[in-house]
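As structure tokens, one chain now follows by itself in the form predicted alone.
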Amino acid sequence: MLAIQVLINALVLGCLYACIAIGFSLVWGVLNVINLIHGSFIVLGAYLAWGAYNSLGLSPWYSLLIAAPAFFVFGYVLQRILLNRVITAPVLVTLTLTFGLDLILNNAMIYYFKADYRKLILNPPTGSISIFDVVVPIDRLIATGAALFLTFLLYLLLRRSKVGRAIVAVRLDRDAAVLMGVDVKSIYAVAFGLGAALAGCAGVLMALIFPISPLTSSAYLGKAFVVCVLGGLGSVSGALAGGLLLALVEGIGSVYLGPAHAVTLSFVLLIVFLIVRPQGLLGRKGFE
């Protein structure tokens, strides 16, 4: 029964991890930018849900409808105004720029919200489902469904829409995309906006499960990085596979070694993948 509980917990957390990482993976795969501000976007999304519920009584599910367009516009403008100026520079330059932006946003959140941990507590509580000895909180199940829905929406966007096909074309071969008439600068901004929107929505979902603090942004960024490497850059299905694998390893590690070693195990897994399969589970060689 313990094994079933671990598997269900891994399934729930894995879908949420995929939602955390998929925007990070999209930006890295398309723009070749390691977006260090991604973790702070997630925390800001969590604060949006927490503030909207406690101040306005707005359900976190409605906060998703606010977070998605608001973060998309924020990310789009940020890429157009700042990142676009250094997009062709060496990766160290973009890394430094996003690191600086992350420091500004994270310190602004610490100044405004303080470093205290807060928790979004629904009233009335949603309860839990118990089948034999396996217990699953309903809010986690709903958050998992929402994470899967967002992942599926991005998959459809990339596969079925004109702008999605342009994003994939730029990711595969930027120069060929330019020759085919694709406005690469606009596609970069759209991809960065989508990454920010997914991070904001992931933050809303994480607020239902974990305590919120600006100090957690680095942890979310680390998980996004690990899932991205495990699954493969720019791959929606890879992000889902990587998230499930990370959650499973963390779950098994917590049971047999203790929760304190879960993070260590995840980074050991990251190192193993970088050595053995740098393109990830479902990535393609050339994008590692």
Partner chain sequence: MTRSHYILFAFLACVAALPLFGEAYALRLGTMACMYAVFALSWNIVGGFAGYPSFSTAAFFGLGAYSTGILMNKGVPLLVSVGVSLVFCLLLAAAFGAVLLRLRGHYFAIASLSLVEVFRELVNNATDLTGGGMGLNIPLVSGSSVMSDATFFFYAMWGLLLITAITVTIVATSKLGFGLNCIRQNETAASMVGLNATLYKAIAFGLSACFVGAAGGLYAAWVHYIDPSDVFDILYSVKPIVMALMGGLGSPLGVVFGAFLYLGLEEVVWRNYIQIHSGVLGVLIILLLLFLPHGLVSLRIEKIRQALFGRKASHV
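Numbering follows the first chain given and starts at 1. These figures come from a predicted structure and were not determined experimentally.
The form predicted together with its partner chain exists for this protein as well; it is not shown, and the discussion that follows is about that form.
Proximity to its partner chain in the predicted complex holds for all of Trp28, Leu95 and Ile104, with the criterion being a heavy atom within 4.5 Å. The stretch among 96-104, 117-125, 194-202, 131-139 whose residues place heavy atoms within 4.5 Å of its partner chain in the predicted complex is 96-104. Its partner chain in the predicted complex comes within 4.5 Å of a heavy atom belonging to Val263. In the predicted complex, Ala247 stays away from its partner chain, with no heavy atom inside 4.5 Å. In the predicted complex, none of the heavy atoms of Arg159 sits within 4.5 Å of a heavy atom of its partner chain. Contact check for Phe149: every heavy atom lies farther than 4.5 Å from its partner chain in the predicted complex. Among the residues Leu215, Ala176, Val86, Val77, the one placing a heavy atom within 4.5 Å of its partner chain in the predicted complex is Val86. For the residues Val163, Val91, Met180, Leu172, the 4.5 Å heavy atom test against its partner chain in the predicted complex is passed only by Val91.
Although its partner chain is not shown here, in the predicted complex the stretch 23-59 places heavy atoms of Trp28, Asn32, Val33, Ile34 within 4.5 Å of it, in sequence order.
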